[in-house]
Structure formats: structure tokens, C-alpha cells
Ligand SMILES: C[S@@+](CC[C@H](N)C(=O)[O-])C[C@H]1O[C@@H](n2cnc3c(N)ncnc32)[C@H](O)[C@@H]1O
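Given as C-alpha cells, the chain that follows is alone and in the form predicted alone.
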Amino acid sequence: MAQPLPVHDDLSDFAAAVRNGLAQPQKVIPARFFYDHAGSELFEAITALPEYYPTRTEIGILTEQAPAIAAAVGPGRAVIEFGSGSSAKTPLLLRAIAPAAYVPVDISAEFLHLAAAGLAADFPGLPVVPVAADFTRPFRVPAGIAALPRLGFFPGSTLGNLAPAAAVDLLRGFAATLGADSWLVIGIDLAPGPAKPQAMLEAAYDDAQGITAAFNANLLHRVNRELGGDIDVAGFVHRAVWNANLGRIEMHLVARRDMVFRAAGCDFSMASGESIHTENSYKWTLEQAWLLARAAGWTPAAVWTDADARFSLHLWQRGAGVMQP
């Protein structure tokens, strides 16, 4: 898990993904559909859980290193936050860098405008220009922002929800949106290490209170609500496992028994123990993160981690675009 990946507005996209994903041998519902209103609220609750180290660890790093970021990027930039959600970490950055404007971008318009109004009240005089858009696709930068130098902000390790090739594509898209002379501050959750055992990583995705399980199950509730499903949600159990071969946490919904159900206009069956794969969260080493950056046209400028090397915050500069052999 990480801050929300966008959900496309078109309900037919959701229906097509459910029909196609549940027809596969390994059933799948893509993670981008987690974040309806209920899912967004559950995610915010997850970020406050004791097991979920990424949020508090990133906040600690950002609090300590915001002055260094400000010194590198300079004042007067438009901060464009991709997938802003509740914008909880944003004030730490805005207070440090003397921005010219703040542009939160999020697909959930209701969540977006509430968070933008709160930030506008906290930063009087700062232009706050929310954009309801899918940040994984091209979107129009608001008038009045286009002429400003830009700083992208992508906290929360959302990049880990994407396979490496898709992550590079997203980072290339950020470079195109931010333009020349731009910077990017990005959070990346790190692979297991001496102070970050596998058990800690799995607990972050399977908390004792069952909030993450409810977040996962809400995906099935959403299928029932919006796509005419009759899935017995209680017939599934949440599972989060570390896949060492692929370097990722996987979240699944596992059938407790044999069942048949209808969703998105189609009939499906599942055997006991069969699962619906709902999310991947890749964890990278620092070297792998730098490789992703360079493959997407970014030049790593700085990186900071907590003392236990559980999480990393990166500052990248848009590459000059010179020809490579």
C-alpha cells in the first residue's frame, strides 16, 4: 500500500478490469480500484497504524531534510503533488521552500478539494490550485502555473505499486509534466535488511486491528455496490506475503470455501484456497531506485534514509536529455 493510485472515472473501465481479471487463472483486481471514498478513508487509517512504518518514517525524514531540499531547489517553484490524498506531509515541504504555488493532483475530487481548502487556510497568500485528474495520464497544468519552474512531490512509496517497467513510464510522465529545470522529491520504501526483517514488512500490510484486511475487502464491497455483484465478502480472508523472488509484498483475498458469484455481468467460480490478487508493493534497494531514476531521465541528486534504512526520500533533477551511446 501507498498513497492512492488513481481510479479512472469511467465505470466501464472498472467493470472491464473486473471481468477480465476474474477470468484469469490467477484472478486479479487491479489495486487502482481500491480508492473509492470508503477505501480512501481506510487508507488514511492505515497510515496511522503502529505496524505501518512508512508514513511516520517518511515524515521524520522530511521534517529533518526539508531545509536541504529548499537549499537545492531554491524558492519560487510551483509544487505539483501527484496523488495528493489528504496532503498530510505537504506542509512540511511548503513551509521550507517558499513556493510560488501549490497544485495538488488527485483523482478523488471530493478528497482533493477538502484537502486543498485546508492547505489554503493554513497558507494564506499561497495560490492553491487543485486539479482533479489521473496523474498516470497526461493532464493540463493550470493556467498561470505553466510559466513557473516546478518541483514534483510524490511521497508515500506509491511508485512501489508498479512493476519496474510501469514505474519507469510513470517517472517519464512526471518529467514531461514538470518540464525543463524541474526537480522531484519522491519516497521509496526499501527492501528488507538487517533492521527491517520480513516479518516487519508483512505486518505493515496485515495489521493486528484488521484495518488493512478491511481495506482489501472493501474492493469486493465496491464490486457489489457498483457492478451488481453478489460476492460473499465474508467468504474471503486477507493475506499479505513477501515474494522474495520478485522483491514485493503481495496482497490477496483468499476464498475460505468453494463459491460461485456474479460480478460485472458475468458468473465466476472459485475453489477453496484460490485467491484474488489485489496489490503488489515492490521494495527496492537504493541502487535499484537510482537505476529507475536514470532510466526515466532523472538524475539523482540526494537521498536520505532513517537510521535503520527502512525508508528513503530522494531528490532528483530532470536530466539534460543528452544523447547516450
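A quick note: this is a predicted structure, and the numbers were derived from the prediction, not measured. Start at 1 with the first residue shown and count on from there.
Missing here is the form predicted in complex with the named molecule; even so, the following discussion is about that form.
Quiz item: Quick one: does residue 189 come within 4.5 Å of the named molecule in the model of the complex, counting heavy atoms only?
Solution: Because no heavy atom of residue 189 falls inside 4.5 Å of the named molecule in the model of the complex, the answer is no.
Quiz item: Within a 4.5 Å heavy atom cut-off, is residue 43 in contact with the named molecule in the model of the complex?
Solution: Looking in the model of the complex, residue contacts with the named molecule include residue 43, since a heavy atom lies within 4.5 Å.
Exercise. Determine whether any heavy atom of residue 236 comes within 4.5 Å of a heavy atom of the named molecule in the model of the complex, and answer yes or no.
Key: Taking the distances in the model of the complex, the answer for residue 236 is no, it never comes within 4.5 Å of the named molecule.
Quiz item: Could you tell me if residue 283 has a non-hydrogen atom within 4.5 Å of the named molecule in the model of the complex?
Solution: It does not: once the named molecule is placed as it appears in the model of the complex, residue 283 has no heavy atom within 4.5 Å of it.
Practice problem: Quick one: find which of 91 to 99, 115 to 123, 190 to 198, 154 to 162 has residues within 4.5 Å of the named molecule in the model of the complex by heavy atom distance. | Solution: Contact-bearing stretch, as computed: 154 to 162.
Self-check item: Partner-contacting position among 211, 227, 217, 107 - heavy atom within 4.5 Å of the named molecule in the model of the complex
Solution: Residue within 4.5 Å of the partner: 107.
Practice problem: Taking the named molecule as it sits in the model of the complex, which residues of 113 to 143 have a non-hydrogen atom within 4.5 Å of it? Please list them. | Solution: 133, 134, 135, 136, in sequence order.
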